[in-house]
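Single chain ahead, by itself, as structure tokens, in the form predicted on its own.
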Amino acid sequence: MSAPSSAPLLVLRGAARTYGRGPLAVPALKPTDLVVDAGEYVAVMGPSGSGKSTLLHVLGLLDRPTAGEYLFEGRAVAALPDRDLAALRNRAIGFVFQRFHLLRDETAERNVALPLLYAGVRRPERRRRALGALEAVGLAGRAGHRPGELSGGEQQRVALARALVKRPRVLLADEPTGNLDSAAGARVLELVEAAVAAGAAVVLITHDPRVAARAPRRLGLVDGCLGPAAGPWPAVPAGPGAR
């Protein structure tokens, strides 16, 4: 059952993630409280090794907290079996991974269409939506190319198209502009902001203060501890997702 529309979309309550046990235990994410509403755009900054990827993996249901609670759409997800978590993840969450995670032997079109295949969308509709998503990221002419035939920036845009093609409730992006020039990066951020304007919640990881400045809400993550991010912030115009 879905949560009421007034309920927060994502809620962490003292959620933590520790890897290993005993003297070898590593607290990658310390007890964290976080609430993200639908249509909210949050940028998270922090140094390498601060726990940013762990936070995204927990929010994206790729990893479970070892302490605390996580509510997704008002539901506690800790007790859900892996199969139900996978179904929820595929239905509601779009990922843009820093390393892309594209299938090397498949074309850009088929990589983008893959989440729709898992969702049971029929082939003609999968193709229509995949080509539309590639056009939106400026890669309509590269639909038949495999990842090895694309530049790093083009692969990043294919990954974004794949994340957006299923119109997710939550978009989680790890350095989505890191491999792009300024013009392509600005286009990617416009697409992210369009997803926010359409009602998606976005949590974006970035090292670039200019990218973070476009998010209405900015957080910092240091040594596994999440809190408000310190400025100063460049005067970059916020996109349509600003509130």
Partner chain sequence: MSSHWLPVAGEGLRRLRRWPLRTALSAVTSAVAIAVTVNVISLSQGLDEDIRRDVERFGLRTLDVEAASVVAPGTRVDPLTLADLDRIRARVADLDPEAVVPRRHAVGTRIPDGRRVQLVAAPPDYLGTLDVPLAAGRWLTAADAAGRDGPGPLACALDSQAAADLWPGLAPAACLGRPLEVRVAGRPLRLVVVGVLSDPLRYRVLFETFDSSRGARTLSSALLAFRNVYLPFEALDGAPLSGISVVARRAAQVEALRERLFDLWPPRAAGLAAFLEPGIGVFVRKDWMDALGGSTQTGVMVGNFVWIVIVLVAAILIATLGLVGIRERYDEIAVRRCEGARRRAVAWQITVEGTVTALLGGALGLPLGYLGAALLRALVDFPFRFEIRYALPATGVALALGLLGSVLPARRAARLDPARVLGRRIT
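We call the rigid core the largest set of C-alpha positions that still match within 1.5 Å between the two forms. Keep in mind it's a predicted model, so treat the numbers as computed, not measured. Numbering follows the first chain given and starts at 1.
Here the subject shifts to the form predicted in complex with the partner chain, a form of this protein not shown in this document.
Q: Taking 33, 39 and 72 together, does each of them reach the partner chain in the predicted complex with some heavy atom inside 4.5 Å?
A: Judged in the predicted complex, none of 33, 39 and 72 sits within 4.5 Å of the partner chain.
Q: Verify the contact flag for residue 168: yes if a non-hydrogen atom of it lies within 4.5 Å of a non-hydrogen atom of the partner chain in the predicted complex, no if not.
A: Close contact is absent here: in the predicted complex, residue 168 is far from the partner chain, nothing within 4.5 Å, heavy atoms only.
Q: Give a yes or no for residue 157: in the predicted complex, does one of its heavy atoms lie within 4.5 Å of a heavy atom belonging to the partner chain?
A: Result no; residue 157 lies far from the partner chain in the predicted complex.
Q: For residue 101, is any heavy atom within 4.5 Å of the partner chain in the predicted complex, or not?
A: Because a heavy atom of residue 101 falls inside 4.5 Å of the partner chain in the predicted complex, the answer is yes.
Q: Even though the partner isn't displayed, in the predicted complex is residue 124 close enough to the partner chain, meaning a heavy atom within 4.5 Å?
A: No, residue 124 stays farther than 4.5 Å from the partner chain in the predicted complex.
Q: Ok, 62, 197, 191, 213: which has a heavy atom sitting within 4.5 Å of the partner chain in the predicted complex?
A: It is 62 that has a heavy atom within 4.5 Å of the partner.
Q: Of the residues 114, 136, 150, 77, which one places a heavy atom within 4.5 Å of the partner chain in the predicted complex?
A: Exactly one residue meets the criterion: 114.
Q: For the chain shown here without its partner, which stretch in 40-48, 179-187, 62-70, 203-211 has non-hydrogen atoms within 4.5 angstroms of the partner chain in the predicted complex?
A: Result for this chain: 62-70.
Q: Can you list, in sequence order, the residues from 72-91 that come within 4.5 Å of the partner chain in the predicted complex, counting heavy atoms only?
A: Result: 82, 83, 86, 89, 90.
Q: Please say whether, between the shown form and the other one, the C-alpha of residue 53 moves by 2 Å or more once the core is aligned.
A: No: residue 53 shifts by under 2 Å between the shown form and the other one.
Q: Align both forms on the core first, then report whether residue 179 has a C-alpha shift of 2 Å or more between the shown form and the other one.
A: Yes, shifts by 2 Å or more.
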